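Okay, so here's just one chain, in C-alpha coordinates, the form predicted alone.
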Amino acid sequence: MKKTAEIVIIGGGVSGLATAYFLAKMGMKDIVVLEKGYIASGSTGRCGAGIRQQWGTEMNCRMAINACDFYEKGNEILEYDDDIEFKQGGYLIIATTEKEHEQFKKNVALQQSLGIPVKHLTPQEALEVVPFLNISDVLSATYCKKDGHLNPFKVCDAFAKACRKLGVEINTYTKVEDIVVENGRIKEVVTDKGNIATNKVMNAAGGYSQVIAKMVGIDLPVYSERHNILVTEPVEPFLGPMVMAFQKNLYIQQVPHGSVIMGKGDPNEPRDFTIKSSWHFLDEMARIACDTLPPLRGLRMVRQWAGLYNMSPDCQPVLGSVDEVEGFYMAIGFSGHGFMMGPTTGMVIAEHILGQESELTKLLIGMLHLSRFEKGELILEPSVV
(Lines give C-alpha, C1' and ligand atoms only; values in the text may rest on other atoms or scores of the structure.)
Protein backbone atom coordinates (compact mmCIF):
# COMPACT_ATOMS: atom_id res chain seq x y z
CA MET A 1 0.00 0.00 0.00
CA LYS A 2 1.23 3.48 -0.85
CA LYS A 3 2.56 5.57 2.03
CA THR A 4 1.57 8.88 0.42
CA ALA A 5 -1.28 9.95 -1.85
CA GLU A 6 -2.66 13.09 -3.39
CA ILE A 7 -6.10 11.97 -2.22
CA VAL A 8 -7.49 9.06 -0.23
CA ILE A 9 -11.06 8.05 -1.08
CA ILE A 10 -12.85 6.08 1.64
CA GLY A 11 -15.46 3.73 0.18
CA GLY A 12 -15.32 1.24 -2.68
CA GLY A 13 -18.89 1.69 -3.86
CA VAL A 14 -20.05 3.58 -6.93
CA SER A 15 -19.55 7.10 -5.51
CA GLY A 16 -15.96 6.49 -4.43
CA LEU A 17 -14.94 4.60 -7.55
CA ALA A 18 -16.61 7.04 -9.94
CA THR A 19 -14.85 9.95 -8.25
CA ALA A 20 -11.51 8.17 -8.47
CA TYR A 21 -12.12 7.49 -12.17
CA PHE A 22 -12.98 11.09 -13.03
CA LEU A 23 -10.09 12.46 -10.97
CA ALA A 24 -7.68 10.17 -12.79
CA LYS A 25 -9.16 11.06 -16.18
CA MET A 26 -8.72 14.73 -15.33
CA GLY A 27 -5.05 14.22 -14.54
CA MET A 28 -4.73 13.64 -10.80
CA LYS A 29 -2.03 11.17 -9.82
CA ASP A 30 -1.50 9.07 -6.69
CA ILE A 31 -5.16 8.32 -5.96
CA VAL A 32 -5.85 5.67 -3.31
CA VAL A 33 -9.25 4.07 -2.67
CA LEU A 34 -9.79 2.27 0.63
CA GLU A 35 -12.61 -0.26 1.11
CA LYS A 36 -13.12 -2.17 4.36
CA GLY A 37 -14.71 -5.11 2.53
CA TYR A 38 -14.78 -6.08 -1.13
CA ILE A 39 -15.72 -3.78 -3.99
CA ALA A 40 -19.46 -2.90 -3.80
CA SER A 41 -19.82 -4.73 -0.47
CA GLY A 42 -21.73 -1.87 1.15
CA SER A 43 -24.84 0.03 0.12
CA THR A 44 -24.06 -0.13 -3.62
CA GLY A 45 -24.05 -3.91 -3.77
CA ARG A 46 -27.20 -4.16 -1.64
CA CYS A 47 -29.33 -1.65 -3.53
CA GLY A 48 -32.27 -2.23 -5.87
CA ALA A 49 -30.16 -0.80 -8.72
CA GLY A 50 -32.96 1.11 -10.42
CA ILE A 51 -32.11 4.09 -12.64
CA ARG A 52 -34.76 6.75 -13.15
CA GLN A 53 -35.03 10.30 -14.43
CA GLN A 54 -38.53 10.90 -13.04
CA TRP A 55 -37.96 13.35 -10.19
CA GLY A 56 -39.84 16.31 -8.82
CA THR A 57 -36.97 18.82 -8.58
CA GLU A 58 -34.87 20.19 -11.43
CA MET A 59 -31.68 19.43 -9.52
CA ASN A 60 -32.42 15.71 -9.24
CA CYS A 61 -33.69 15.52 -12.81
CA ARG A 62 -30.45 17.02 -14.10
CA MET A 63 -28.32 14.71 -11.96
CA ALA A 64 -30.30 11.70 -13.21
CA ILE A 65 -30.18 12.75 -16.89
CA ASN A 66 -26.40 13.05 -16.71
CA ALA A 67 -26.05 9.68 -14.96
CA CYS A 68 -28.41 7.91 -17.36
CA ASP A 69 -26.51 9.28 -20.37
CA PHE A 70 -23.27 7.94 -18.90
CA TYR A 71 -24.70 4.52 -18.09
CA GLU A 72 -26.11 4.17 -21.62
CA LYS A 73 -22.54 4.40 -22.95
CA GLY A 74 -20.88 2.95 -19.85
CA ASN A 75 -19.38 -0.15 -21.46
CA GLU A 76 -17.68 1.97 -24.13
CA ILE A 77 -16.63 4.86 -21.89
CA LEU A 78 -15.06 2.58 -19.29
CA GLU A 79 -13.74 0.15 -21.96
CA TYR A 80 -15.30 -2.67 -19.98
CA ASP A 81 -14.55 -6.25 -20.98
CA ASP A 82 -17.96 -7.42 -19.75
CA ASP A 83 -21.42 -5.79 -19.64
CA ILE A 84 -22.86 -3.48 -16.96
CA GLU A 85 -26.30 -4.84 -17.97
CA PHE A 86 -28.26 -1.63 -18.38
CA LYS A 87 -31.80 -2.81 -19.11
CA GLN A 88 -33.91 0.19 -20.13
CA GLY A 89 -37.36 -1.23 -19.67
CA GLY A 90 -38.70 2.02 -18.24
CA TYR A 91 -40.31 3.03 -14.95
CA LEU A 92 -44.07 3.00 -14.46
CA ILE A 93 -44.86 5.12 -11.39
CA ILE A 94 -48.44 4.94 -10.14
CA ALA A 95 -50.45 7.56 -8.25
CA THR A 96 -52.99 6.25 -5.76
CA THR A 97 -54.03 9.53 -4.09
CA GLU A 98 -55.34 12.81 -5.44
CA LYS A 99 -52.31 14.60 -3.99
CA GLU A 100 -49.97 12.30 -5.93
CA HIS A 101 -52.01 12.69 -9.10
CA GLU A 102 -51.69 16.48 -8.93
CA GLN A 103 -47.98 16.24 -8.10
CA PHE A 104 -47.45 14.00 -11.13
CA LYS A 105 -48.83 16.74 -13.38
CA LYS A 106 -46.18 19.12 -12.05
CA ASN A 107 -43.45 16.48 -12.26
CA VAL A 108 -44.21 15.62 -15.87
CA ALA A 109 -44.26 19.29 -16.90
CA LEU A 110 -40.83 19.79 -15.31
CA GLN A 111 -39.38 16.58 -16.73
CA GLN A 112 -40.61 17.26 -20.24
CA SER A 113 -39.19 20.79 -20.10
CA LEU A 114 -35.77 19.20 -19.47
CA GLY A 115 -36.09 16.79 -22.39
CA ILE A 116 -37.02 13.67 -20.42
CA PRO A 117 -39.29 11.43 -22.57
CA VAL A 118 -41.98 10.93 -19.93
CA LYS A 119 -45.75 10.54 -20.34
CA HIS A 120 -48.64 11.06 -17.93
CA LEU A 121 -50.98 8.09 -18.32
CA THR A 122 -54.54 7.25 -17.39
CA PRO A 123 -55.12 3.97 -15.51
CA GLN A 124 -56.18 2.30 -18.77
CA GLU A 125 -53.04 3.56 -20.51
CA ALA A 126 -50.98 2.20 -17.63
CA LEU A 127 -52.52 -1.21 -18.33
CA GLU A 128 -51.12 -1.03 -21.85
CA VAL A 129 -47.63 -0.81 -20.32
CA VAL A 130 -48.21 -3.47 -17.63
CA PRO A 131 -51.32 -5.51 -18.61
CA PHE A 132 -51.63 -7.31 -15.27
CA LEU A 133 -51.34 -4.21 -13.07
CA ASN A 134 -54.08 -3.90 -10.46
CA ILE A 135 -55.55 -0.47 -11.22
CA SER A 136 -58.40 -0.57 -8.69
CA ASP A 137 -56.83 2.27 -6.70
CA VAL A 138 -54.72 3.88 -9.48
CA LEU A 139 -55.64 7.46 -10.43
CA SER A 140 -52.86 7.98 -12.98
CA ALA A 141 -49.30 6.95 -13.76
CA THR A 142 -46.13 8.28 -15.34
CA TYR A 143 -43.88 6.33 -17.68
CA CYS A 144 -40.37 6.98 -19.00
CA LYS A 145 -39.01 4.35 -21.36
CA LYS A 146 -35.36 5.37 -20.81
CA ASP A 147 -35.39 4.48 -17.11
CA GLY A 148 -34.22 1.03 -16.14
CA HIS A 149 -32.01 -1.27 -14.10
CA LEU A 150 -28.27 -1.95 -13.81
CA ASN A 151 -26.04 -4.60 -12.30
CA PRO A 152 -24.32 -2.76 -9.42
CA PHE A 153 -21.50 -5.30 -9.15
CA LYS A 154 -20.71 -5.07 -12.86
CA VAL A 155 -20.84 -1.27 -12.70
CA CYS A 156 -18.36 -1.16 -9.84
CA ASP A 157 -16.17 -3.77 -11.51
CA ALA A 158 -16.13 -1.62 -14.65
CA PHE A 159 -15.19 1.52 -12.71
CA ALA A 160 -12.55 -0.35 -10.69
CA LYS A 161 -10.88 -1.80 -13.78
CA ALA A 162 -10.93 1.59 -15.51
CA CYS A 163 -9.45 3.17 -12.38
CA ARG A 164 -6.61 0.68 -12.20
CA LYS A 165 -5.78 1.24 -15.87
CA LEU A 166 -5.41 4.92 -15.02
CA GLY A 167 -3.07 4.18 -12.10
CA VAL A 168 -5.50 4.33 -9.19
CA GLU A 169 -4.58 2.09 -6.26
CA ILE A 170 -7.58 0.25 -4.78
CA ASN A 171 -7.07 -1.47 -1.43
CA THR A 172 -9.88 -3.82 -0.33
CA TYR A 173 -10.28 -5.33 3.14
CA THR A 174 -8.55 -2.24 4.50
CA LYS A 175 -10.23 -0.51 7.43
CA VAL A 176 -9.80 3.18 8.16
CA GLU A 177 -9.19 3.59 11.89
CA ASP A 178 -8.55 7.33 12.12
CA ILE A 179 -7.86 10.52 10.18
CA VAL A 180 -5.20 12.87 11.50
CA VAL A 181 -6.07 16.57 11.37
CA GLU A 182 -3.61 19.32 12.38
CA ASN A 183 -4.52 23.00 12.50
CA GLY A 184 -7.73 22.34 10.59
CA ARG A 185 -6.03 20.46 7.74
CA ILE A 186 -5.97 16.81 6.72
CA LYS A 187 -2.57 15.23 7.34
CA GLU A 188 -2.83 11.44 7.39
CA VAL A 189 -5.16 8.47 7.14
CA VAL A 190 -4.60 5.65 9.63
CA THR A 191 -5.61 2.13 8.51
CA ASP A 192 -5.19 -1.37 9.87
CA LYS A 193 -2.55 -1.94 7.19
CA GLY A 194 -0.50 1.20 7.70
CA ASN A 195 -0.74 4.96 7.35
CA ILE A 196 -1.06 7.14 4.26
CA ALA A 197 0.12 10.75 4.30
CA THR A 198 -2.27 12.98 2.35
CA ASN A 199 -3.87 16.40 2.50
CA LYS A 200 -7.12 15.35 0.83
CA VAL A 201 -9.72 12.79 1.93
CA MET A 202 -13.07 12.01 0.35
CA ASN A 203 -15.78 10.45 2.49
CA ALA A 204 -17.78 8.06 0.29
CA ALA A 205 -18.45 5.57 3.07
CA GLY A 206 -22.19 5.21 2.51
CA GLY A 207 -23.98 3.93 5.60
CA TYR A 208 -20.86 4.58 7.67
CA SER A 209 -20.27 8.15 6.50
CA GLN A 210 -21.03 9.59 9.93
CA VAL A 211 -18.37 7.35 11.49
CA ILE A 212 -15.73 8.64 9.08
CA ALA A 213 -16.81 12.27 9.57
CA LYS A 214 -16.41 11.98 13.35
CA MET A 215 -12.75 11.10 12.79
CA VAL A 216 -12.19 14.69 11.62
CA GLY A 217 -14.47 16.19 14.28
CA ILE A 218 -17.59 16.66 12.19
CA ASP A 219 -20.96 15.51 13.52
CA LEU A 220 -23.09 14.88 10.45
CA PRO A 221 -26.89 15.26 10.64
CA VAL A 222 -27.37 11.89 8.93
CA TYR A 223 -28.29 8.43 10.12
CA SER A 224 -28.31 4.92 8.66
CA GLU A 225 -31.49 2.94 8.16
CA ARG A 226 -32.04 -0.65 7.07
CA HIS A 227 -33.93 -1.29 3.84
CA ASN A 228 -34.88 -4.83 2.83
CA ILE A 229 -35.13 -6.41 -0.61
CA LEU A 230 -36.87 -9.64 -1.65
CA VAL A 231 -35.90 -11.64 -4.75
CA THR A 232 -37.81 -14.43 -6.48
CA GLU A 233 -36.81 -17.39 -8.60
CA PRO A 234 -35.84 -16.50 -12.19
CA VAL A 235 -38.66 -16.87 -14.73
CA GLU A 236 -39.26 -15.96 -18.36
CA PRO A 237 -39.49 -12.18 -18.97
CA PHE A 238 -42.96 -10.87 -18.19
CA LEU A 239 -42.39 -7.47 -16.56
CA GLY A 240 -40.78 -4.81 -18.72
CA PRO A 241 -40.69 -1.66 -16.56
CA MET A 242 -39.98 -1.06 -12.92
CA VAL A 243 -43.30 -0.54 -11.14
CA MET A 244 -43.07 2.04 -8.38
CA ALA A 245 -45.56 3.67 -6.02
CA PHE A 246 -44.55 6.50 -3.69
CA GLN A 247 -47.64 6.33 -1.47
CA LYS A 248 -47.33 2.55 -1.16
CA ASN A 249 -43.58 3.03 -0.74
CA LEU A 250 -42.62 0.15 -3.04
CA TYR A 251 -40.75 -0.80 -6.19
CA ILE A 252 -40.88 -4.04 -8.20
CA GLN A 253 -38.53 -4.91 -11.08
CA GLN A 254 -37.66 -7.99 -13.14
CA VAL A 255 -33.91 -8.08 -13.74
CA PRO A 256 -32.26 -9.39 -16.95
CA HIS A 257 -31.62 -12.91 -15.66
CA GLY A 258 -35.34 -13.34 -14.80
CA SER A 259 -35.64 -12.83 -11.05
CA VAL A 260 -38.05 -10.23 -9.69
CA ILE A 261 -36.62 -7.96 -7.01
CA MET A 262 -38.78 -5.76 -4.82
CA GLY A 263 -38.43 -3.49 -1.85
CA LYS A 264 -40.34 -1.08 0.36
CA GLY A 265 -39.47 1.29 3.15
CA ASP A 266 -40.57 1.09 6.78
CA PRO A 267 -40.73 4.28 8.89
CA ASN A 268 -40.30 2.18 12.03
CA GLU A 269 -36.83 0.91 11.12
CA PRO A 270 -34.19 1.48 13.84
CA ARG A 271 -31.52 4.08 13.15
CA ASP A 272 -28.45 1.87 13.38
CA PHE A 273 -26.21 -0.37 11.26
CA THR A 274 -28.46 -3.45 11.31
CA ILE A 275 -28.55 -5.33 7.99
CA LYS A 276 -30.16 -8.58 9.12
CA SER A 277 -33.25 -9.54 7.16
CA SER A 278 -36.70 -8.95 8.65
CA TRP A 279 -39.67 -11.36 8.79
CA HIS A 280 -41.96 -8.37 9.09
CA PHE A 281 -40.67 -7.03 5.77
CA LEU A 282 -41.15 -10.41 4.08
CA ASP A 283 -44.78 -10.57 5.13
CA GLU A 284 -45.60 -6.96 4.24
CA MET A 285 -43.66 -7.00 0.95
CA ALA A 286 -45.30 -10.18 -0.30
CA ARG A 287 -48.76 -8.90 0.54
CA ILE A 288 -48.49 -5.50 -1.12
CA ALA A 289 -46.53 -6.77 -4.12
CA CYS A 290 -49.11 -9.45 -4.92
CA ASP A 291 -51.89 -6.92 -4.52
CA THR A 292 -50.18 -4.55 -6.98
CA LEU A 293 -49.10 -7.23 -9.48
CA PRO A 294 -51.30 -10.34 -8.92
CA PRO A 295 -49.20 -12.73 -11.12
CA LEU A 296 -46.44 -12.52 -8.53
CA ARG A 297 -48.51 -14.89 -6.36
CA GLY A 298 -47.26 -17.77 -8.47
CA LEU A 299 -43.56 -17.11 -7.90
CA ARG A 300 -41.35 -18.65 -5.26
CA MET A 301 -39.14 -16.47 -3.13
CA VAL A 302 -35.44 -17.31 -3.27
CA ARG A 303 -33.99 -15.01 -0.64
CA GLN A 304 -33.96 -11.55 0.86
CA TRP A 305 -31.26 -9.18 2.02
CA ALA A 306 -30.89 -5.75 3.55
CA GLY A 307 -28.62 -2.75 3.16
CA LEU A 308 -28.24 0.74 4.58
CA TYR A 309 -29.78 3.96 3.36
CA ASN A 310 -27.68 6.88 4.60
CA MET A 311 -30.50 9.32 5.38
CA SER A 312 -30.14 13.11 5.47
CA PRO A 313 -32.72 15.54 6.95
CA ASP A 314 -34.14 16.36 3.51
CA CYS A 315 -33.38 12.98 1.85
CA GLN A 316 -30.89 14.74 -0.44
CA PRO A 317 -27.13 14.11 -0.56
CA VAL A 318 -24.33 16.18 0.92
CA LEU A 319 -21.68 16.99 -1.68
CA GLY A 320 -18.39 18.85 -1.64
CA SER A 321 -15.95 20.29 0.84
CA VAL A 322 -16.66 21.38 4.41
CA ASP A 323 -15.87 24.66 6.14
CA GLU A 324 -14.43 23.06 9.27
CA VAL A 325 -11.60 20.94 7.81
CA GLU A 326 -9.48 21.85 4.80
CA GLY A 327 -9.10 18.98 2.34
CA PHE A 328 -12.11 16.97 3.54
CA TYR A 329 -14.75 16.21 0.89
CA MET A 330 -18.00 14.28 1.05
CA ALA A 331 -20.49 12.49 -1.16
CA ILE A 332 -22.88 11.07 1.42
CA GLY A 333 -26.49 11.06 2.63
CA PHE A 334 -28.05 9.94 -0.66
CA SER A 335 -31.02 8.41 1.18
CA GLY A 336 -31.29 5.46 -1.20
CA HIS A 337 -30.43 7.17 -4.50
CA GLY A 338 -26.63 7.06 -4.53
CA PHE A 339 -26.22 4.30 -7.10
CA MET A 340 -28.42 5.85 -9.76
CA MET A 341 -26.58 9.18 -9.39
CA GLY A 342 -23.10 7.59 -9.27
CA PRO A 343 -21.51 8.93 -12.48
CA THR A 344 -22.82 12.44 -11.82
CA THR A 345 -21.50 12.35 -8.27
CA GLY A 346 -18.07 11.25 -9.44
CA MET A 347 -17.85 13.97 -12.07
CA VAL A 348 -19.10 16.71 -9.74
CA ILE A 349 -16.77 15.86 -6.85
CA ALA A 350 -13.77 15.49 -9.18
CA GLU A 351 -14.43 18.87 -10.79
CA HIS A 352 -14.93 20.46 -7.37
CA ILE A 353 -11.70 19.04 -5.96
CA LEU A 354 -9.68 20.15 -8.99
CA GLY A 355 -11.34 23.56 -9.24
CA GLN A 356 -12.64 22.88 -12.74
CA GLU A 357 -16.33 23.30 -12.04
CA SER A 358 -18.89 23.08 -14.84
CA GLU A 359 -22.27 24.79 -14.61
CA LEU A 360 -23.88 21.61 -13.23
CA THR A 361 -21.15 21.16 -10.63
CA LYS A 362 -21.46 24.75 -9.43
CA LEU A 363 -25.22 24.29 -9.10
CA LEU A 364 -25.01 21.03 -7.17
CA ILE A 365 -22.15 21.99 -4.87
CA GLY A 366 -23.93 25.24 -4.05
CA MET A 367 -27.25 23.55 -3.30
CA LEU A 368 -25.98 20.41 -1.57
CA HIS A 369 -23.34 21.86 0.74
CA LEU A 370 -23.41 20.66 4.34
CA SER A 371 -24.12 24.19 5.59
CA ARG A 372 -27.65 24.13 4.14
CA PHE A 373 -28.95 22.33 7.21
CA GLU A 374 -27.79 25.07 9.60
CA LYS A 375 -29.23 27.69 7.26
CA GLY A 376 -32.55 25.87 7.01
CA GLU A 377 -32.22 25.62 3.23
CA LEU A 378 -33.56 22.10 2.87
CA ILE A 379 -34.33 20.74 -0.58
CA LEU A 380 -37.63 18.88 -0.53
CA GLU A 381 -38.01 16.20 -3.20
CA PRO A 382 -41.63 15.00 -3.57
CA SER A 383 -40.75 11.81 -5.46
CA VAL A 384 -38.94 9.41 -3.13
CA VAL A 385 -39.48 5.88 -1.86
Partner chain sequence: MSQNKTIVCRCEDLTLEDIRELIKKGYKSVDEIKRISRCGMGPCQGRTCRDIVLSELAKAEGKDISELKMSTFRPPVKPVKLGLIERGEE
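Numbering follows the first chain given and starts at 1. Note that the structure is a prediction, hence the values are computed from the model and not measured.
The same protein also has a form predicted together with its partner chain, omitted here; what follows describes it.
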Query - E236, heavy atom within 4.5 angstroms of its partner chain in the predicted bound form - result: no
Query raised in the report: Is the gap between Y208 and its partner chain in the predicted bound form 4.5 Å or less for some heavy atom pair?
Result: no
Requested in this report: Give a yes/no on whether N195 approaches its partner chain to within 4.5 Å in the predicted bound form, heavy atoms considered.
Outcome: no
**Report entry** its partner chain contact at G115 in the predicted bound form, heavy atom, 4.5 Å
**Finding:** no
**Report entry** Proximity to its partner chain in the predicted bound form (heavy atom, within 4.5 Å), stretch among 196-204, 279-287, 99-107, 86-94
**Finding:** 279-287
Report task. Spell it out for me: taking its partner chain in the predicted bound form, does every residue among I65, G366 and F373 have a heavy atom no farther than 4.5 Å from it? Result -> no
Report summary line: Interface check vs its partner chain in the predicted bound form: of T191, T142, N75, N151, the one with a heavy atom inside 4.5 Å is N151
Query raised in the report: Between the options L230, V129, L250, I186, which residue brings a heavy atom to within 4.5 Å of its partner chain in the predicted bound form?
Result: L230
Report task. Within 4.5 Å of its partner chain in the predicted bound form, which residues of 255-269 have a heavy atom? Give them in sequence order, or say none. Result -> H257, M262
